[in-house]
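A single chain, nothing else alongside it, follows as structure tokens in the form predicted on its own.
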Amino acid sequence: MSKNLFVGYNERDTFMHRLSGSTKLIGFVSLSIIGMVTFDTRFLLGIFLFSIILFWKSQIKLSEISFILKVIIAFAAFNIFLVYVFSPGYGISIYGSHHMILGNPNQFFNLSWEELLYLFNVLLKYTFAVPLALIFLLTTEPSEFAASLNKIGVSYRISYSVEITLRYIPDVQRDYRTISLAQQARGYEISKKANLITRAKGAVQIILPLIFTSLDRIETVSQAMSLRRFGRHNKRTWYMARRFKMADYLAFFVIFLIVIVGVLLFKVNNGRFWNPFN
């Protein structure tokens, strides 16, 4: 099993690590919403480059996220393919013109520059949020993440559940490795040398014990929390909560400007779509 299968917090001394978890959460949600709503290619490219710069400044190594990147790339490519297959002329209907590359507008399967632009916008929507999400997950300590959720109005019970989930990811990973090695010692082959059916059977022999182990851990934690009367009070304090500093207010200002630009572009474009074919 790859050591990069799971994504978790990595402590480093960077600007993004020093920001409050609330700031990063609000920024991620705000930029994601405005990015998902708009279809202005210029704006999407801008926030994509902005997220890449933040990712670089966070000093996150590609080796730490290689697995999740492969999954996201595969999902994005498959989804783009399905979007084209089920509606190859959607770009023409959106932009109201056709500049054909292959075929003609009357054929079901055709390819136009309008369709390519639409598919490119869809791809940008998938990719621009990925660095932002990874920055948030890898630069925010789970306890601070829970405090951030509670700070913006989420119930502390839900916030604490999210924290526990993030904290137990390394334990689940450790259990997976232990069970995997034990099953391989018993003769179950799950490496690339075996055929697909054999690997599938070996995976089942790992997943089932992993599920029962995780359920047992959940029961243990639940009983411990009940004995400590967790959830009795309506509010609670947070040890890892951070107050907003000057850097947080500066980040809020930048986020606000980006969102305002995205909203103003709706008026400039007379809608969500930027049409370079007019």
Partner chain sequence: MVEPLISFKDFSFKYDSQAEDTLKHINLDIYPGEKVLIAGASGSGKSTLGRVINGLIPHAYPGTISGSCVVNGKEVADSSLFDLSFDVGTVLQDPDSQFVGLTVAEDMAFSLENDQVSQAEMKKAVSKWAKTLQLNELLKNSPQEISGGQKQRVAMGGVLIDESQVLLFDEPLASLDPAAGLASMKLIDELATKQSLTVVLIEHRIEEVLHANIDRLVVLRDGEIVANDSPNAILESEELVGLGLREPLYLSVLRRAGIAITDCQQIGHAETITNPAIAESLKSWTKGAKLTYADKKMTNLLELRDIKFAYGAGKNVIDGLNLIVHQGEIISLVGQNGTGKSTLSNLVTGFLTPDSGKILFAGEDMADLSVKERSEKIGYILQDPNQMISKTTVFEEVSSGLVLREISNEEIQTQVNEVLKICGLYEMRHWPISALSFGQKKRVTIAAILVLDPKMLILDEPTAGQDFRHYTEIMSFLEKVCAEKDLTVILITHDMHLMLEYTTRTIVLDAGHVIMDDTPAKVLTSDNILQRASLAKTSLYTLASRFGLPSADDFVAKFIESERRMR
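Residue numbers count along the first chain shown, from 1. Each form is matched to the other, and the largest set of C-alpha atoms that superpose within 1.5 Å is called the rigid core. These figures come from a predicted structure and were not determined experimentally.
Not pictured, yet referred to below: the form predicted together with its partner chain.
For the three residues 49, 253 and 266, a heavy atom within 4.5 Å of its partner chain turns up in the predicted bound form in no case. At a distance threshold of 4.5 angstroms between non-hydrogen atoms, residue 152 is out of contact with its partner chain in the predicted bound form.
The closest non-hydrogen atom of residue 96 lies beyond 4.5 Å of its partner chain in the predicted bound form.
By the criterion of a heavy atom within 4.5 Å, residue 63 is excluded from the residues contacting its partner chain in the predicted bound form. Mapping the unseen interface onto this chain, residue 170 counts among the residues with a heavy atom inside 4.5 Å of its partner chain in the predicted bound form. Residues with any non-hydrogen atom within 4.5 angstroms of its partner chain in the predicted bound form fall in just one of 53 to 61, 40 to 48, 245 to 253, 208 to 216: 208 to 216. Counting a residue when any of its non-hydrogen atoms is within 4.5 Å of its partner chain in the predicted bound form, the hits in 157 to 185 run 160, 163, 166, 167, 168, 170, 171, 174, 175, 178, 179, 181, 182, 183, 184, 185. Once the rigid core is used as the reference frame, the Cα position of residue 163 differs between the shown form and the other one by 2 Å or more. Core-aligned CA deviation for residue 36 between the shown form and the other one: less than 2 Å. Once you line up the core between the shown form and the other one, the Cα of residue 101 stays within less than 2 Å of where it was.
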